[in-house]
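To begin, one chain is listed below as structure tokens, in the form predicted on its own.
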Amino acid sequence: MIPSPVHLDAATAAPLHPVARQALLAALDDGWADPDRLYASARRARQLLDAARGAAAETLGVRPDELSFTASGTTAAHSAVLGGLAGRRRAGAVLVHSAIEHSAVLHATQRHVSGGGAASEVPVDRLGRLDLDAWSRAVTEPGVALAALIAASHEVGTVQPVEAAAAACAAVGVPLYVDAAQVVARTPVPAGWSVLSASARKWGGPPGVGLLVVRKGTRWESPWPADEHESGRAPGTVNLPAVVAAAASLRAAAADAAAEATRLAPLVDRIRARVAAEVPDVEVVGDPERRLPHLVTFSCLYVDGEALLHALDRRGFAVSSGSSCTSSTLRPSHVLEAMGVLSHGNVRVSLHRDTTEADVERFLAELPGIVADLRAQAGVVGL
């Protein structure tokens, strides 16, 4: 008998929110036309796009003309980094970033450096917390054009001191870009940033929609070929039905965020405690207090991470291992390496609105045996 599936990888993509599904289907009838044209169907499409932008902006507490829809969260991150650097080229060519940024930010950084720019990486401690003193020193160095800080780690859930980091940036006139993909519609978005990005599929919106927010007064220049769409910030016509669904589900998820955090945080606490107590030679990583309410990561010594994922998948559990966006390279997670913690047999569990207590209990009941079996197959016994 095939076990019933349990999705525990919301940090990559949450199941489609019911509101997103309803909005998507409804928008298919009126959202197919080009909103930049003047005929009737196009005007209706423009109304839908304007309403979606207004709803998303209101949820985030920003102006509608500051918010653009992109083709993905990755595209938004690339635009944020490269556009922020291009807009400040006269100030310098140095990007300051934490050692635990998402791979999308690091790939944009590599592009910047390969083009003659420079980057300054700021370390984190063993819990994944930014070294604020090192950050403050880095942003005061000459030639800094932009700073980038993830709001909360997508791998270990540690919430970063964004507002303190933003204050250090503001003191020297350096704009701060915040990757808010894991906090939007889950926890309050911290203040002090100049550029922000997010991804709809993290809150239960459809894939293929990202958000890029550039505050008024921020020097930002599109890194893409000239295009009139989305105020010149995102090339190409938006996927309007998906955008409508993303905005509707953002509003719904944000309205439920506090209640969901209250429900999910104790389940994460249970996973943290039970895994540490019931699986030998395991390290639960990330800050135990200043963390996201829905995410927990642990590493199991003497276990191959990929083998563990496949074994869990055969039992119906969908989880991630290491860095979700770099796991195909079979390289250790750069986040776990930066923290100096165990990376063998790494598992990230992230919960969502459909996760039940029974799902968590089933996972906890089966995990110790699965780990023990894999260790036995590798000849590791007697732990």
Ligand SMILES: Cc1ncc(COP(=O)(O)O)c(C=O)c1O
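Residues carry their position along the shown sequence, with the first being 1. Predicted model, so just to flag it, every value in this text is computed and none were measured.
Although it is not shown, the form predicted together with the named molecule is what the next lines describe.
**Q** Looking at 278 to 286, 175 to 183, 133 to 141, 83 to 91, which lies within 4.5 angstroms of the named molecule in the predicted complex, counting heavy atoms?
**A** Looking at the partner contacts, the answer comes out as 175 to 183.
**Q** Among H102, H97, R291, R233, which has any heavy atom within 4.5 Å of the named molecule in the predicted complex?
**A** Partner contact (heavy atom, 4.5 Å) among the options: H102.
**Q** May I ask you to choose, among G157, P241, P190, G73, the residue with a heavy atom within 4.5 Å of the named molecule in the predicted complex?
**A** Spelling it out, the residue with a heavy atom inside the cut-off is G73.
**Q** In the predicted complex, do R274, S299 and L301 all reach within 4.5 Å of the named molecule through at least one heavy atom apiece?
**A** The answer is no; none of R274, S299 and L301 reaches the named molecule.
**Q** Does S249 reach the named molecule in the predicted complex, with heavy atoms at most 4.5 Å apart?
**A** Flag for S249 set to no.
**Q** Any chance S79 has a heavy atom within 4.5 Å of the named molecule in the predicted complex?
**A** Close contact is absent here: in the predicted complex, S79 is far from the named molecule, nothing within 4.5 Å, heavy atoms only.
**Q** Wondering, does A11 line up within 4.5 Å of the named molecule in the predicted complex on heavy atoms?
**A** Yes, contact at 4.5 Å.
**Q** Evaluate I150 for contact with the named molecule in the predicted complex, applying a 4.5 angstroms cut-off between non-hydrogen atoms, and reply yes or no.
**A** Contact with the named molecule, yes.
**Q** Need the contact residues for 245 to 277: heavy atom within 4.5 Å of the named molecule in the predicted complex, sequence order, or none if there are none.
**A** Going through 245 to 277 in order - heavy atoms within 4.5 Å of the named molecule in the predicted complex - there are no hits.
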